[in-house]
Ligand SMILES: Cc1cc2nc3c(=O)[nH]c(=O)nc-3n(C[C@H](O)[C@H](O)[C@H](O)COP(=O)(O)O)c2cc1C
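There is one chain below, alone, in structure tokens, taken in the form predicted alone.
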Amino acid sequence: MSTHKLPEPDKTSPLSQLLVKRRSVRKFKKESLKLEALSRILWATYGITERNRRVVPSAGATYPVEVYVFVKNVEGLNPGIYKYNEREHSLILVKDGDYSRELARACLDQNWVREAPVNIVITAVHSRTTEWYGDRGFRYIYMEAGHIGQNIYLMAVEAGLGTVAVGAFKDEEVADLIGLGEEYLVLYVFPIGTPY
């Protein structure tokens, strides 16, 4: 087998710099998150770019994902569980109050979930995709969640914040906290805050 050496990648572009700086952060300062930073991160999560397209690819444009935000300490927002409305780029209050302890408990007592000023929870209504693609649709949903996760990491870095992808949680407990039905999958939890 022959080997072909590739040219050295240019790591000076803005995107390359974000990729170089991307890290999982599990310790946050006890300070509030700015609403503008949360807005940018949520847009990068599932926002609309043009003609109803999202910032991430979705199999057959089925868009199964719904994004929920557990707010503990964000300037200009009361603590609560919110649903991100990507069409209006707004937050809809689902439940009033700080649920960071309950979410951390559902995430197997991971401290960073409790300490973060914000946790973004990625969920999906699986039937939106599986009705078109059958069981293979589940793969497409998980791929979509992966694209979303990378966007959250990169936008957090750009905003001077940190995050970590949390996949260890009790699905039913997280769903119950939000008030989701059986048609939902809970895919990811992303605590976000200012890193130490």
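Keep in mind the model is a prediction, meaning the values are calculated, not measured. All residue numbers refer to positions in the sequence shown, first residue = 1.
Omitted from view is the form predicted together with this ligand, to which the following refers.
With the partner omitted here, the residue from V164, A59, A44, A37 that has a non-hydrogen atom within 4.5 angstroms of this ligand in the predicted complex is V164. Shown without its partner, this chain lists Q110, T123, S100, N73 as candidates; in the predicted complex, only Q110 has a non-hydrogen atom within 4.5 angstroms of this ligand. Shown alone here, Y184 lies farther than 4.5 Å from this ligand in the predicted complex, counting heavy atoms only.
At the 4.5 Å threshold, heavy atoms of Y68 stay clear of this ligand in the predicted complex, well away from it. Interface membership of R26, defined by any non-hydrogen atom within 4.5 Å of this ligand in the predicted complex, is confirmed.
Checking 28 to 36, 49 to 57, 128 to 136, 165 to 173 against this ligand in the predicted complex, the stretch whose residues place heavy atoms within 4.5 Å of it is 165 to 173.
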